[in-house]
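Shown below, as structure tokens, is a lone chain in the form predicted alone; questions about how it binds or moves come after it.
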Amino acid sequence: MSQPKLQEKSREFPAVEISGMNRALAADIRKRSGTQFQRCFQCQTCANGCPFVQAMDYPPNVIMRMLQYGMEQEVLRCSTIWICVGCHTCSSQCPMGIDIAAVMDSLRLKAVEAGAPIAKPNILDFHEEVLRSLERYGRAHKLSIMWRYKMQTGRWFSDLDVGLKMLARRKLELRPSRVKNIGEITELFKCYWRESK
């Protein structure tokens, strides 16, 4: 009895344009983040653990590879760096000890400095509201963050169903709680706002 022949399927992948590489980008992000992302060997553990990977245009491991290749424009213009919430799930699971969340944070700062177009509309406003909540209370008060963000964007009902579910499950505190020594937090933010100007 003859064996059925397997058809070979060839898949073409886009080529990396070597002429567009920026070697200085890798050195800059390595210095800013304080992590050795070039150790990434593409095991995809970070992507498998990320709770937001489905919303990203590139998973975290691909961002690491793009950095290694020096693909500055692609990295700074992608939505992944803005969707990352810095939960450190990827960093805690990385077998090479790469602080991927720190890399994403460094890329966001670099994108703002470079004037790169932000891939997700209003995401910078959201990040700023999170910082303001941390400054006011020493921790993130989700309800006030979302309220202020909605006031800025005018998209009042875009995710009302999620908010109601969170309220029903007591995941949203109605009143913010403050850390005991808010003065220390205030001093940290004085330094932050001074450096960011």
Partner chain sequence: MSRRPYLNFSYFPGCSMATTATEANESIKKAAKVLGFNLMELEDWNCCGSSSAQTMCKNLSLGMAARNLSLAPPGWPLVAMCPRCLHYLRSAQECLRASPEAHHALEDHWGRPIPLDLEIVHFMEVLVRHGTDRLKKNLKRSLQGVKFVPYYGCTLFRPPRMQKEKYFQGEMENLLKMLGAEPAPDAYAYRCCGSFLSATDPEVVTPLVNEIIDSAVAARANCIVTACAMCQLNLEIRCTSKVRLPVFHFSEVLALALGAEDYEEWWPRHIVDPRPLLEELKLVA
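In this text, the rigid core denotes the largest set of C-alpha atoms whose superposition between the two forms falls within 1.5 Å. Numbering follows the first chain given and starts at 1. Keep in mind that what you see is a predicted model, and the values were worked out from it rather than measured.
Although it is not shown, the form predicted in complex with the partner chain is what the next lines describe.
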Query raised in the report: Quick one: which of 140-148, 59-67, 38-46, 23-31 gets within 4.5 Å of the partner chain in the model of the complex, going by heavy atoms?
Result: 140-148
Query - Heavy atom within 4.5 Å of the partner chain in the model of the complex - residue from 83, 96, 71, 116 - result: 83
Requested in this report: Although the partner chain is absent from this view, report whether residue 77 comes within 4.5 Å of it in the model of the complex, heavy atoms only.
Outcome: no
Report task. Please run the contact check for residue 51 against the partner chain in the model of the complex: heavy atoms, 4.5 angstroms, yes or no? Result -> yes
Query raised in the report: in the model of the complex, which residues of 78-111 put a heavy atom within 4.5 Å of the partner chain?
Result: 82, 83, 84, 85, 86, 87, 88, 89, 91, 92, 99, 105, 108, 109
Report task. Inspect the rigid-core superposition and answer whether the C-alpha of residue 144 shifts by 2 angstroms or more between this form and the one not shown. Result -> yes
**Report entry** C-alpha of residue 133 off by 2 Å or more between this form and the one not shown on rigid core
**Finding:** yes
